[in-house]
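Listed next as structure tokens: two forms of one protein chain, kept apart as structure 1 and structure 2.
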Structure 1
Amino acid sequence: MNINYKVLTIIPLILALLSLALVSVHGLKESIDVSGGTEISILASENTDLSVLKEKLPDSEVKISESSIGTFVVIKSGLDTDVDSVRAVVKEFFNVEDLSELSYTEKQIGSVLSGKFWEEGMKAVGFAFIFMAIVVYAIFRTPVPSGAVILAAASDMAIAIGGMSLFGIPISTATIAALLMLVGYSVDTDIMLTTRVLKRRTGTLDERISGAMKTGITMSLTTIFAMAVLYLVVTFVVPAADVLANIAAVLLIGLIGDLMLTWMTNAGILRYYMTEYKKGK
């Protein structure tokens, strides 16, 4: 039993390290927030033949997805493509004088702003993490339990970023937001577990952990199911609102990782802290 829980503690951490390795080898898909460029999405009526449009835009990436309200066409062009000519082709294809006559969205990001993306994104995530760590330490004021919570949150982020690399979810302002949300969600269950173990006086350690687990898994499952639903509805009803779908996907991966990190790693470290570390002192 003893060896068992220590092995379980390490498994999610290995997964987190593998995720980091995957990201460093495979990299992350870049949205136009990072690479700069233009993205035009149009909601076309269902029986439009879009292959012609694809042929006319050889330098752009044209993605077509069906939804319950029509066909979404997403045209992505890099910074080196002339946007005006792309627009002219689209205008001609749909036979309109101005794109605003269509059901359409357009997003265009220049090189200065996209260049700043990494710097600003890293700053936001980095500071979020540091602030979170300070708050966690202020709550428990003991290094090992606080460290366990912070380690679990860091590994969870690593797993979420690994998942983004694996499933081709692009890094964008929306997914940065999702990673920040994940910090909040993943720490919630860890704080609950640590408080139950350190502050509850009734029951054995095992009873306290399994009681916390019952609460924590309910917490995670509500969010996991909500995000799964959000992902499916956005994908099948309004694919152009992929901001929400990407946020949902990142949270989904992160929360599944959080289940492991909280109940294997964090619980394992706490068990070690309560049974061996404290006695050793």
Structure 2
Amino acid sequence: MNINYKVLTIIPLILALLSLALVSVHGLKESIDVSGGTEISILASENTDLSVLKEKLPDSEVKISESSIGTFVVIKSGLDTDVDSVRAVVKEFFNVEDLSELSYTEKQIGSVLSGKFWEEGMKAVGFAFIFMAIVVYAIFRTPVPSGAVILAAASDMAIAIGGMSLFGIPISTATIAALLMLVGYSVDTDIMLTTRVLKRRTGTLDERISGAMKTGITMSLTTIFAMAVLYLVVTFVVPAADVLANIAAVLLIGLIGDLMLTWMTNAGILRYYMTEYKKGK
């Protein structure tokens, strides 16, 4: 069955729009890096039952985190939660008079600092896109292929953010860095494809796209495999390093989206540009 390449071109774009719709409805989970709050970690016994603690702290995230050092109870509370009442519940739960009797750490991030993290993160993403767009246009100097590369990178980021909303991956300074890395990964394969199609003179259009596809898919699958291994190792061997798992998960979602956007959307736009747009001028 022959499927019109124009149909294939728009499928990833529809997925990107659905991702944005999901984010607008479901929202994004925020880490205390960007929303502010308090994170408390207490070294505890391996079989600690958290059900009572969760009941008494309904507005906080309470979980067990395993590491090579031991088992930690981790409590994350937002800015609207009274930290003193959280500390009182912790003392009662562990039956101690003072928190110094526990192996206890506390990290607090205020609203000003978290707001600064968020502002700087958004600026970094914005500047990355602007400079990426300038470089791409400087390389190809034609609006349609350059626009296709930028569209693919923006849609890839939309799919990654949609995946974060779907799977409850928090937006944090670490996941913002992962989104920035994704811009680089996405543009990498798109520039390679566009260069092969526009600047190579050997072979037919199909042969140039096919050659680029073999190289690009090999590159992407290698990185996807590496990120999948990182995610599994962190999840099952060192779950305390959940920041690394979040970075790997964002890159995995984005790289899978990038496969579709590069080889369906960007390749489709380039095919249209070479076979219809240029001939119509």
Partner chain sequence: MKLLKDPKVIILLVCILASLLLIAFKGISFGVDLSGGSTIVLQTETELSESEMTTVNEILTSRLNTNGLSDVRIYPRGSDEVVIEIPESADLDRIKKILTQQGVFTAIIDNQTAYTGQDISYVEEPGTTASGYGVGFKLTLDGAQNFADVAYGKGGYPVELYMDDNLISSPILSADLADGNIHQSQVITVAGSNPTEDDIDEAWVIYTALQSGSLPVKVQIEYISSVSPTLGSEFIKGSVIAGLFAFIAVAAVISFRYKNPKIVLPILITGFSEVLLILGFASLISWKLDLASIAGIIAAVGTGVDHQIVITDETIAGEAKKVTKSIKRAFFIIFGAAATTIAAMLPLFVMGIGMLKGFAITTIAGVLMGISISRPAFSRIIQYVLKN
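C-alpha atoms forming the largest set that superposes within 1.5 Å between two forms make up the rigid core. All values reported here derive from a predicted model rather than from experimental measurement. All residue numbers here follow the sequence of structure 1, with the first residue given the number 1.
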Structure number, where the criterion is the form predicted on its own: 2
Hinge pick from 202, 125, 62, 108, given that two rigid parts rotate relative to each other between structures 1 and 2: 108
Angle, in °, that the smaller rigid part sweeps relative to the larger one between structures 1 and 2: 28
Distance the CA of residue 93 travels between structures 1 and 2 [rigid core superposed, Å]: 7.0
Per-residue C-alpha deviation between structures 1 and 2 [residue 118; rigid core superposition; Å]: 3.0
